[in-house]
Structures are given as C-alpha cells and as structure tokens.
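Taking the form predicted on its own, here's one chain by itself in structure tokens.
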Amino acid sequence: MEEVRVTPWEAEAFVDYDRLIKVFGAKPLTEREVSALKSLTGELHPMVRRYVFYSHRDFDIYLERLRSGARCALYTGRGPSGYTHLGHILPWIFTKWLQDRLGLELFFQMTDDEKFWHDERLELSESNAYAYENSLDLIALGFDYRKTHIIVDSEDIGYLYPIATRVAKKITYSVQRATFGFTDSTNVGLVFYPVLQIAVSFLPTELYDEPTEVLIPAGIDQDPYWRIARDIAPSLGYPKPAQIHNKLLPGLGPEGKMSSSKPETAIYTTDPPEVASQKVMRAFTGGQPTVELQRRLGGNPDRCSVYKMYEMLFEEDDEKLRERYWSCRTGALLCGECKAQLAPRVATFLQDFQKRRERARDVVDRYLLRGKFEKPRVRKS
C-alpha cells in the first residue's frame, strides 16, 4: 500500500483523506458535530458545509463544554520561514469565524525557533522578522486584538518554559523519534521543539488559572503534536486539547500542498495582484490535454488545483460551485475559461487584503501576548 506523506514538514494535498483519518486515528466530521456547531453559531461557514474541515478529535466534546459555560479558547499558529500564502491563511479564516461567532480568545503561536532549527539556511533573526511580517496577515483578516494574543517563541519563552519543563519530563526520545521520524542526525533543538508547541495548548489554563478547553483548527499535517499533547494532558492536570482538521490547499503545480518551498506554485499575500493572476493562468488543472478531449471526456475537478481554490476560498455560493463542478465534469467548461474567471477574484482579494495588511503595521503591538498576562510559574508536579 502506498505510504501517505503527511508530516509537519512534508505533505501532499491530493491524498485519500478518509484513509488519512484512519492512519492518524482521528474521527470524521459528521452531521452530528456540524449540527451542534450550527446550533451555537446560527449558520455554517462554507469550509464546514463543504467538509474542507473534515476530521476532528473531541470537537463534539469541546462544543458541549462551550455550551455548558466552561472556559474555552482557540489555538493555532504559523511557522514563519517566509511570507504567508493562501494555504497558510485558510485555517485562519475559519478560526476568525469561530472567534466572531463564539466570542473566543485566540492564542496564536509564531514558531520562529522551530523554523530556525529546521532550516540550516535560516538565521534566527530572519525567522523572527518573518514572525512579525506574518502577523500582519493575521491582523489583516480582522481578528479582534482584545481577544487575539500572538506568542513569538524566541521572545516569549518565559510564558512557555514553565509549562514546557513539565511537558518535556513526560516525553521520551523514543516517542519523539517514532512520531516525527527524527534520526541520530536531527539537531537537539528540533527534537526539543515539539515540547514548546504542546505547551501552548496548556497555556490558557495557566494564564486564566482555571481549566480551559482549547480547540485547535489546523491542517492535519500538524496532528502529531496534538496526539502527544492529548496523551500527557491528564497526567499534568490539563484538559485534552480538541482539534478540527482542514484539508490542505493544493499548490498550483501538479501535486503537493501550497508550499513556500515551491514559490512558483503558491500565491502569497504579498504577491502583486497581476503576478498572482499570471500564476493562476499557468496553474495545473484536472483537464484534458486538448480542447476536443475536454469537450468529449470532461475534466476532473477533484484533482484540479484551480477548482480547489474555488471550493476552499473563492466561491461562497454552494449552487454556483456545484454548477462549476459539473460543467467541468461534462466538458462544458474549459480549463482556460475557469482560470480566467478565477484570476480576477484572486487579484481583487489581494488588492483589498494588502491595504489592510499595510495598515496592520501600526497596531501589531496590540496583539502581542506579552503585557497582557503575567508569566505562569512552574507548577508542583
């Protein structure tokens, strides 16, 4: 059986997600959880209606705790090794929707240390600078600064380390190696790093000084961290973090998720709109090699990066999306036509987004965790 390549550092976007759920031991998102969410929010985000967010761990329990009045929070983050692209902000868009509909506070981790340890070419000063650049993208999406707390690992380690010391004592190297594929040549920083990502899932409990249920909306490639966190949470006196996983936005090339390692296949929030349009027009599709074959055989939107851009980000109307799907399937819609319709949508989005992003430079300090909370102390085990 072909191995599924999905890790925190390497992932494919066109994979068998049903199989991936079984491999990772998660649960599929069902109508039960979707209905429970709608009962709290009054409506559903397109990413939920279309099962872009498709699997979870204890999302149902999290919603029950939220309904009962328990203290709850959100947690997600970004590994700042470069500028932000659309694949990065996909789960952030849904996270903001949750914040708006449910009034939840968000703890957002910028892992500048992890990216420094992972990339030999990257200096810590560079990944730290990208943390602040990437923060502009988060702010541009409209998160509430009063409820959004950005943690920059290398600068806010005092908030994480008291928790990380206790977490580290619960995890052996054999667990790290089996979970993340570390080898004898892996540097010690990267081996230690998962402890810090796990620590943030417990940080709200320490800051609020009461048990806090945490939900993590993120790509399923980040799931290995939370499996360990959930295993050790009870022994440390913390609630198990819940998760809701999104599918990965495909890059504009033949395979793989949208990735900074393949900049020509990614649309960055900093791309000039005309450059982004050109990338869309050159994108890989699920179409046939000729117009004649496309008209006769139809295309395959399920393997098409352009269609996935509509499905995940650029078409809110479900009926119009269905029409596009079947127009592609039946050959009524050509790939060039589909691209030509997407390109101006992407360009308009970037034009508006980049204005908000530039304005965000003046308010970054409002979003930083430091200054909002006292640093937690080391608990007695």
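Each residue number is its position in the shown sequence, starting from 1. Just so it is clear, the model here is predicted, and its values are computed rather than measured.
The discussion below concerns the form predicted together with a small molecule, not included here.
Engineer: Select, from the options 169-177, 76-84, 96-104, 297-305, the stretch whose residues sit within 4.5 angstroms of the small molecule in the predicted bound form by heavy atom distance.
Structural biologist: Correct option: 76-84.
Engineer: Out of C72, A140, M258, A164, which one falls within 4.5 Å of the small molecule in the predicted bound form, going by heavy atoms?
Structural biologist: None of the others qualify; the residue that does is M258.
Engineer: Give me the residue from Y238, W92, Y130, F116 that has a heavy atom within 4.5 Å of the small molecule in the predicted bound form.
Structural biologist: Selected option: W92.
Engineer: P224: heavy atom within 4.5 Å of the small molecule in the predicted bound form?
Structural biologist: Because no heavy atom of P224 falls inside 4.5 Å of the small molecule in the predicted bound form, the answer is no.
Engineer: According to a 4.5 angstroms non-hydrogen atom cut-off, is I216 in contact with the small molecule in the predicted bound form?
Structural biologist: I216: yes, in contact with the small molecule in the predicted bound form.
Engineer: So in the predicted bound form, does any heavy atom of Y193 sit within 4.5 Å of the small molecule?
Structural biologist: Within the cut-off, so yes.
Engineer: L203 near the small molecule in the predicted bound form, any heavy atom under 4.5 Å?
Structural biologist: No, L203 is distant from the partner.
Engineer: Taking H88, T111 and L248 as a possible spot, do all three reach the small molecule in the predicted bound form with a heavy atom inside 4.5 Å?
Structural biologist: All three within 4.5 Å in the predicted bound form.
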